[in-house]
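This document opens with one chain alone, in structure tokens, the form predicted on its own.
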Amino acid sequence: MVIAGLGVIAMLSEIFSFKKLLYPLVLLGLLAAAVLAGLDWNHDTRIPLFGNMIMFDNFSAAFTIVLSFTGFLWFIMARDSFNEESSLTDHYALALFSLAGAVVMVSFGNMTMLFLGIEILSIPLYVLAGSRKTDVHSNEAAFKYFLMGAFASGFLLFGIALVYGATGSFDIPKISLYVAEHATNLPGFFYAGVLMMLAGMAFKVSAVPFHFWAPDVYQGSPTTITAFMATIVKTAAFAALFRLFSNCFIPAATTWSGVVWTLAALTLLTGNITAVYQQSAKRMLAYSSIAHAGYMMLAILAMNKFSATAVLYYTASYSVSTIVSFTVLQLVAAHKGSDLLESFNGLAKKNSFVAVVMTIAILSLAGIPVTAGFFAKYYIFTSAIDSGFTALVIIAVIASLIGVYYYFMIIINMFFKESTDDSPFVIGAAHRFLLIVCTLLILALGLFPDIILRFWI
């Protein structure tokens, strides 16, 4: 409600002429939303809202905190991007409403709210992806994202309809109870519905073979919007996918586990191998984002007592590292006028601070000790091995080794190649603050992983 209220305030700021107050108000509001979510931690019972359509439990509270704080970091990153007075409030409102949809996705108690959350999240992003109106690539990204998103929503809705037809309810607890009681004699169209819902959600997390939209949309969209998709959207989508399947469909796991295994393996290999051949750093990070979806799918497949915490830790560490990488990419692209890998050449000599924080973020994305990314992968792998998916973990480890190769290409360019441009590389105070905070978080989560892992979701 706080986040949605901020979106309404953003629209009213244009009418009542207080746009200059909007930025600090949004930052304070997002921190307040995170604190308010934390106050609901370990509530005696789930907090039902809107006729049990929203269930706010520890799982919801934890992911809402991650989403709110990621949104806080993202708004600092995107501050300089909202420089058009004519559309300033529109950008703020669209981003905030999309974030509100993400919160609905992690706390739904009803299939209807799952769908509404996805649409509230997605529709503003279709607009934001095309917000660079004079850029044909941005226009193409918005159009492609809209068409593919509508197509995926159709799959999701058809799946929801089939599950409703089999169970007679949209309510998550009722569906779960029905599936548990009739696990041996569920109709065939119920399983078809589960698989169609899986296909719709696989699009949202950009899992192979539902990933074809992601590289073009990520590359064509403004860099700040790409960062939003790679962090907030992916966190919300995986939390929703985990919540859906852990609460409803575990008794039918024999039907969908093999499909998820295949999707995870294809996503890991396709994402990492394709990233190796990219010359654009932005497109490389897009394929990297696809690969990370593969790692998180291991926790969905494992579905044991470690999985929820593993997904939370992974999304938190991945989001912080991704915010750093896209912030630096945005700064480098603005300085060089290009997002090619060679744009990073000689960055260490021009601005050693930026090069060092980018290196730490890259090491975290690659899963190198002692960063947050190492423990994120470790706990995901542990969760999968505990459920007997050792072969898939071996594939994931091989994929990680491939990932090290293309991640280190950026580090090599920054420290061991010469730049052809001698102009100084200067960053603003806000971006410097953001990079320092995120880097400290990456190291803190890596050195003290129990900050998150000690909580029982």
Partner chain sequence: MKDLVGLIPLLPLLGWFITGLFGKKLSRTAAGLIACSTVLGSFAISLGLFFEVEHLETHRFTVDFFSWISAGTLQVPFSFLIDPLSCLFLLIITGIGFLIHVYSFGYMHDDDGFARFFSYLNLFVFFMLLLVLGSNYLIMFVGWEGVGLCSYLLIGFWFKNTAYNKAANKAFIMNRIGDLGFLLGIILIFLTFDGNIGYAEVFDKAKYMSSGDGTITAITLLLFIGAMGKSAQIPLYTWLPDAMAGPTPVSALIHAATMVTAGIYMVARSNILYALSPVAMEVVAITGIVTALFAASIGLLQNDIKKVLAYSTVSQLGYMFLGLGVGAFTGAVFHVMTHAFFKALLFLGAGSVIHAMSGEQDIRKMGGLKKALPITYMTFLIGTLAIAGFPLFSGFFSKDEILAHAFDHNKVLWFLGMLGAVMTTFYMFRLFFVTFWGKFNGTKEQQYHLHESPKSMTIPLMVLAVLSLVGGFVGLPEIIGTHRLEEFLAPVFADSKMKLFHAPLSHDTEWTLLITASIVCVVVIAFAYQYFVVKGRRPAEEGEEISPLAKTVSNKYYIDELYEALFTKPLNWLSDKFYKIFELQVVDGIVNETGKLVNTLSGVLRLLQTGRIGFYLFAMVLSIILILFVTTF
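Residue numbers count along the first chain shown, from 1. Since this is a predicted model, take the numbers as computed values, not measurements.
The following text describes the form predicted together with the partner chain, which does not appear among the structures shown.
Q: Would you point out which of 113-121, 236-244, 266-274, 319-327 contains residues with a non-hydrogen atom within 4.5 Å of the partner chain in the model of the complex?
A: Heavy-atom contact with the partner occurs in 266-274.
Q.
At 4.5 Å between heavy atoms, is Gly220 in contact with the partner chain in the model of the complex?
A. Answer no; every heavy atom of Gly220 is more than 4.5 Å from the partner chain in the model of the complex.
**Q.** Close approach of Tyr405 to the partner chain in the model of the complex, 4.5 Å, heavy atom
**A.** Close contact exists here: in the model of the complex, Tyr405 approaches the partner chain to within 4.5 Å, heavy atoms only.
(Q) Residue-level contact is defined here as any heavy atom of the residue lying within 4.5 Å of the partner chain in the model of the complex; does Pro215 satisfy this criterion? (A) Judged by the heavy-atom cut-off of 4.5 Å, Pro215 is in contact with the partner chain in the model of the complex.
Q. Would Thr255 count as a contact of the partner chain in the model of the complex, using a 4.5 angstroms cut-off between non-hydrogen atoms?
A. So Thr255 counts as contacting the partner chain.
Q: Select from the listed residues Ile160, Ala166, Leu341, Leu195 the one whose heavy atoms reach within 4.5 Å of the partner chain in the model of the complex.
A: The option sitting close enough to the partner is Leu195.
(Q) Quick check on this chain: which one of Phe203, Phe72, Tyr126, Tyr178 has a heavy atom within 4.5 Å of the partner chain in the model of the complex? (A) The option sitting close enough to the partner is Phe203.
**Q.** Within 4.5 Å of the partner chain in the model of the complex, all of Ala334, Ile412 and Phe425 (non-hydrogen atom)
**A.** Checked in the model of the complex: no contact with the partner chain for any of the three.
Q: Give, in sequence order, every residue of 155-171 that has a heavy atom within 4.5 Å of the partner chain in the model of the complex, or say none if there are no such residues.
A: The stretch touches the partner through Phe155 alone.
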